[in-house]
Ligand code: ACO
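Quick heads-up: it's one chain on its own, the form predicted on its own, in structure tokens.
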């Protein structure tokens, strides 16, 4: 074990994910809106998504993914120093979702627990924060989770948004790497370019507190402008992958795998064409799960590693982007 305060490299010791049992296929939406399986697949690449039961909360999904990650790492919950949960669908406004997870895992009282609320880029922001905390010696072992129950916020009359989102959770056990390890989180990038109108949930906060009127107007549902997001997403994914590579002097082609936010297959294809990067080395699971926001990247990392898309010592790039026009990316030596 590396002593606190010494220089540290960062390793991901184990990953886990969880998706609810309920499968919602494209045909299901034809009960509510003018759409078809062919229309949805052509425009998004999505065939189905998973939705949680009414009884399940975001923290329930997070705990399942966390337990899988802890098992993979060979860690116990009692060994954790910190928990970060990235989500935009918290169990409550307070206490935070990470505290719910802390309680359900029965962690130590001196294990910190905070939420990172930045929509689809929440997990990548959380991974950046914990990288700094571990590197500085403040934290030894941490659990970073992305979890969402977006099905609670879908307007089934709005075909521009309701078909896109699913529920899921992904988790990573992150800690100081031993001296002999090559593993490290080499680059962390992030940014924002505020844009309220392109994607929001208008009510429920201090800007527009819940009322009969906000409920009747559907202001608690996701609203989005797909056209505005499309160009931003393609450019961001392209620029961020190039950026993390340029900061370390490697070529994009040296990456073993790119794990993008699972938002839309056309966005991913367009960005990979810009990068001249082969799709067979890009992990995609949006056909099964849809856009799971903060859970998208950690769920994909877990499935990609287990499927053999990359191995220890390989270089991978991850990138997420979303509401508020925020983005976060990492270059990881696995």
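Numbering follows the first chain given and starts at 1. No experiment lies behind these values; they were computed from the predicted model shown.
Another form exists, predicted together with ligand ACO; not displayed. Remarks below refer to it.
Enquirer: Quick check on residue 257: any heavy atom within 4.5 Å of ligand ACO in the model of the complex?
Expert: Flag for residue 257 set to no.
Enquirer: Please tell me whether any heavy atom belonging to residue 96 falls inside 4.5 Å of a heavy atom of ligand ACO, as the geometry stands in the model of the complex.
Expert: Result no; residue 96 lies far from ligand ACO in the model of the complex.
Enquirer: If you check in the model of the complex, is residue 227 within 4.5 Å of ligand ACO, heavy atoms only?
Expert: It does: once ligand ACO is placed as it appears in the model of the complex, residue 227 has a heavy atom within 4.5 Å of it.
Enquirer: Would residue 105 sit within 4.5 Å of ligand ACO in the model of the complex, counting heavy atoms only?
Expert: No - in the model of the complex, heavy atoms of residue 105 and ligand ACO never come within 4.5 Å of each other.
Enquirer: Given that ligand ACO is left out here, which of 159, 141, 135, 189 has a heavy atom within 4.5 Å of it in the model of the complex?
Expert: Of the listed residues, the single hit is 159.
Enquirer: Pick from 43, 288, 269, 67: which has a non-hydrogen atom within 4.5 Å of ligand ACO in the model of the complex?
Expert: Checked against the cut-off, the match is 43.
Enquirer: Can you pick the stretch from 180-188, 161-169, 122-130, 247-255 whose heavy atoms fall within 4.5 Å of ligand ACO in the model of the complex?
Expert: Single hit among the candidates: 161-169.
Enquirer: Any chance 49, 92 and 201 all have a heavy atom within 4.5 Å of ligand ACO in the model of the complex?
Expert: The answer is no; none of 49, 92 and 201 reaches ligand ACO.
Enquirer: Pick out the residues of 258-279 whose heavy atoms come within 4.5 Å of ligand ACO in the model of the complex.
Expert: In sequence order, 261, 263, 264, 266, 267 come within 4.5 Å of the partner.
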